[in-house]
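There is one chain below, alone, in structure tokens, taken in the form predicted alone.
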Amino acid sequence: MDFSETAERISQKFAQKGYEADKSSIEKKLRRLVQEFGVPPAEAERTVTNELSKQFSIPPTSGGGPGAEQEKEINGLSPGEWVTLNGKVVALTRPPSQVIAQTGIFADPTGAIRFVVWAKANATPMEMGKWYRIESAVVDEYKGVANLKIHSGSTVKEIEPGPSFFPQVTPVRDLAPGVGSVRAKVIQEWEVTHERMFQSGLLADESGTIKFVIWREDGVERLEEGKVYNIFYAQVDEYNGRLSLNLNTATCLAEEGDIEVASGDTTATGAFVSLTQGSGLVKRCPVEGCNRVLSRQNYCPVHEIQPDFKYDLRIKGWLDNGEKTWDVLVQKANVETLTGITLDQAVEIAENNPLGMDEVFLRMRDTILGRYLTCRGREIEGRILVSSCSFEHFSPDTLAALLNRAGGES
């Protein structure tokens, strides 16, 4: 935010009405609101403008900020603007706080934007699927994403439906933080990692892959692995430089047939240097949609004690080739192939051995620790989810090359 420029704009606005506002004082207030209290720049400008309006006994936010009356399209919005929009409510979500009356997604034929209606705005509640004219709203930016803020100076009016439009579908690799629509296939479903999470997994199209999340809410439905979906108006979030889709605002329509998806495969070859805790025979929560690994006392962090658990096999560990280390997660089918221990055999070992499940862990460790493996799979958030895995076999040529490199004798 250019504080000097904004202060000049505010002071000029009041000068046109015959009032003298001190520019340095305005700039100081703006700087304090934004830098000390973290107020978004557009909100800071509105707050200072309203304070001056009260000071000069001018009706607050009359006419809004510069450009407030100008009708605009969503794809041309920029943070800091005061805008008037005509569009349709395509999603409503649960407000995260009592100070917010409504949240959702507002769309027109050119694009879509998240919106927030402050409780103090006393605005007409908007309904899903209806068209509205929103006057004198403010566009600000939160975590790099443009948001439409409807405040006490905004006006919301229901209008006749505009032209029908279809959301523009974006290839996965071209998604950006904000609101996006994709046509993609569910290629993996993951174990949920939070009690509020309903489903998570991986979507893919021919251009790339992206993580998706559905949070627990009334009416949410699970996506089916292997199916192709048209997903309209999902929230595209960014965390640590990685994008993900929040599907709670989205309309997900399954379609028949299949699409080609990007392989995204990573191949790693190296010595298996560490078998980490949580490997071997594990117990999982039987509650539908949970599948978390239970503690030794059969305790699920979400569903508490689960005596009717189900068994599973997995290997978590590190593969190292001397130059790079990979975090790998191997699931049941490949664990059985690598270790030669089936799930039934592992259960039998655990139930008939004084060490119980630890005996399975130790036998697996003795089988694979220090051996050379090649693992293939998708690398997600720094971990390879292994789809195939095999031992590397002795190669005299490779051994000779390594000994020569080390200066030894073959």
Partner chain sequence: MANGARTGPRRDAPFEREAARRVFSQELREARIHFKDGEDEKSPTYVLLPSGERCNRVFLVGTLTEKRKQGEQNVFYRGRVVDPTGTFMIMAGSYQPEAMQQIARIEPPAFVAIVGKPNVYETPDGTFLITIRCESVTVVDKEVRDTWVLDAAERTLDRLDRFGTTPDSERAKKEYGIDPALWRKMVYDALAQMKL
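What we label the rigid core is the largest C-alpha set whose atoms superpose within 1.5 Å from one form to the other. Note that the coordinates shown come from a computational prediction; the quantities given were computed from them, not determined experimentally. Numbering follows the first chain given and starts at 1.
One more form of this protein exists, namely the form predicted together with the partner chain; it is left out here, but the text below deals with it.
Have a look at 25, 398, 12, 390 for me and say which one sits with a heavy atom within 4.5 Å of the partner chain in the model of the complex.
-> After the contact test, the surviving option is 398.
Sole residue of 133, 130, 94, 173 within 4.5 Å of the partner chain in the model of the complex, by heavy atom = For this set of options, the contacting one is 94.
Name the stretch, out of 121-129, 74-82, 207-215, 330-338, where some heavy atom lies within 4.5 Å of the partner chain in the model of the complex.
-> Of the options given, it is 207-215.
In the model of the complex, do 47, 89 and 378 all put a heavy atom within 4.5 Å of the partner chain?
-> No, because 47, 89 and 378 lack any heavy atom that approaches the partner chain to within 4.5 Å in the model of the complex.
Report yes if any heavy atom of residue 253 sits within 4.5 Å of a heavy atom of the partner chain in the model of the complex; otherwise report no.
-> Close contact is absent here: in the model of the complex, residue 253 is far from the partner chain, nothing within 4.5 Å, heavy atoms only.
Does the partner chain come within 4.5 Å of any heavy atom of residue 325 in the model of the complex?
-> Yes, contact at 4.5 Å.
Counting only non-hydrogen atoms and a 4.5 angstroms cut-off, does residue 154 reach the partner chain in the model of the complex?
-> Close contact is absent here: in the model of the complex, residue 154 is far from the partner chain, nothing within 4.5 Å, heavy atoms only.
Does residue 194 make contact with the partner chain in the model of the complex, using a 4.5 Å heavy atom cut-off?
-> Result yes; residue 194 sits at the interface with the partner chain in the model of the complex.
Any residue of 244-262 that, in the model of the complex, places a heavy atom within 4.5 Å of the partner chain | The stretch touches the partner through 246, 248.
Classify residue 398 as shifted (yes) or not shifted (no) between this form and the one not shown, where shifted means its C-alpha moves by 2 Å or more with the rigid core superposed.
-> It does shift by 2 Å or more.
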